[in-house]
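Given as structure tokens, the chain that follows is alone and in the form predicted on its own.
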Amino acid sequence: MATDGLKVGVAFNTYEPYIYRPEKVSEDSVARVAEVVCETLNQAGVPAVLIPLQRSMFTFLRRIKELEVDVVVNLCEGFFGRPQWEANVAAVMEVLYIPFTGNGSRTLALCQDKHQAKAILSSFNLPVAPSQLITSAEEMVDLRFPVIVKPNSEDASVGVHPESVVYDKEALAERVEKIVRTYSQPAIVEEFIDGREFNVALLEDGEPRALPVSEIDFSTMPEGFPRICSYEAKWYPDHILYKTTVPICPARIDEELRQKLQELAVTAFRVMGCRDYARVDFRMNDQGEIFILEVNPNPDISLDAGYARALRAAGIEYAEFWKMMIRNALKRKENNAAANGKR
């Protein structure tokens, strides 16, 4: 399906400073990514316009109609300052039959809830680290230390810092209390897999396929820091943890491990109902056991982030990737029209 003659709306949620959140750098970045995607499409001959989602869903929808866009590139990672409402944006477009790129509302909602997502993956016999959902510091935890404590329904490593890895019950109680108080949600506590970290970007073009495996190189990380991709490591270029969590893509691994990671990633993609694109994060312990950390259905898609790096390693141009996603969205629209008896 050609993209000639189309008009594309690039949708993104704006940062809302009146919602208190200790981390905001990741939210600020969404607008910059949208600008790059819009510019990329225009340079590739696909007319594109920015459509910010601010405090009014009605204004957002009216702009889509007024601009007469044929398809929406959905970069929204939340609404009204709440990442938990990411799925709601997609749901509204689904109800109104607005074709959009990326994952559907059901998948976005399932993956946003880390505890729920791990339960689904585990039910399909996919390997996940033992974990518990905790709503207060008084609850008992039946897990082996060390453990890592995260907000249950955040993304972009929000709430994940070096002190998130704890080694005793006292530190665990303090961290759980901070998560529940700061983010107004339960904490997910999981056994910390101290080892190598990989991620696999996935792309759907008829069938889902895994792009080259990426590994995070922790070899130069200073002593005393847990080997994790914390918020500092992802979003602060001048921070020592950013400089010492270097991604390597393609990862320097043997063929057997590469194949295993890619096969697990494709299976997880299908199990969670993903479409278009996603990223699956893994940890591997010293015994070579692999665990799925999470399935990210809306990964950072900026040019300097891991997904674009995997595209380059696979020889796929950034503009061609977006054309592919737009074709996917239009194909879904065509299929929905046929299913509803429309021509």
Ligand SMILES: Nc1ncnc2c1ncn2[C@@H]1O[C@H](COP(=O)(O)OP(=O)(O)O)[C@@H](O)[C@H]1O
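Each residue number is its position in the shown sequence, starting from 1. Everything quoted here is computed from the prediction, not taken from an experiment.
One more form of this protein exists, namely the form predicted in complex with this ligand; it is left out here, but the text below deals with it.
Listed residues Val180, Val160, Ile98, Ala210 were compared with this ligand in the predicted complex; Val160 is the one with a heavy atom within 4.5 Å.
Among the residues Glu77, Glu215, Glu232, Glu154, the one placing a heavy atom within 4.5 Å of this ligand in the predicted complex is Glu154.
Residue heavy atoms within 4.5 Å of this ligand in the predicted complex occur in exactly one stretch of 290 to 298, 312 to 320, 64 to 72, 39 to 47, and that stretch is 290 to 298.
With a 4.5 Å cutoff on heavy atoms, Ile134 does not count as touching this ligand in the predicted complex; it lies far away. Among heavy atoms of Ile193, some come within 4.5 Å of this ligand in the predicted complex. With a 4.5 Å cutoff on heavy atoms, Ile228 counts as touching this ligand in the predicted complex.
Residue contact with this ligand in the predicted complex: Arg175 places no heavy atom within 4.5 Å of it. If you take 303 to 318 and check each residue for a heavy atom within 4.5 Å of this ligand in the predicted complex, you get nothing at all.
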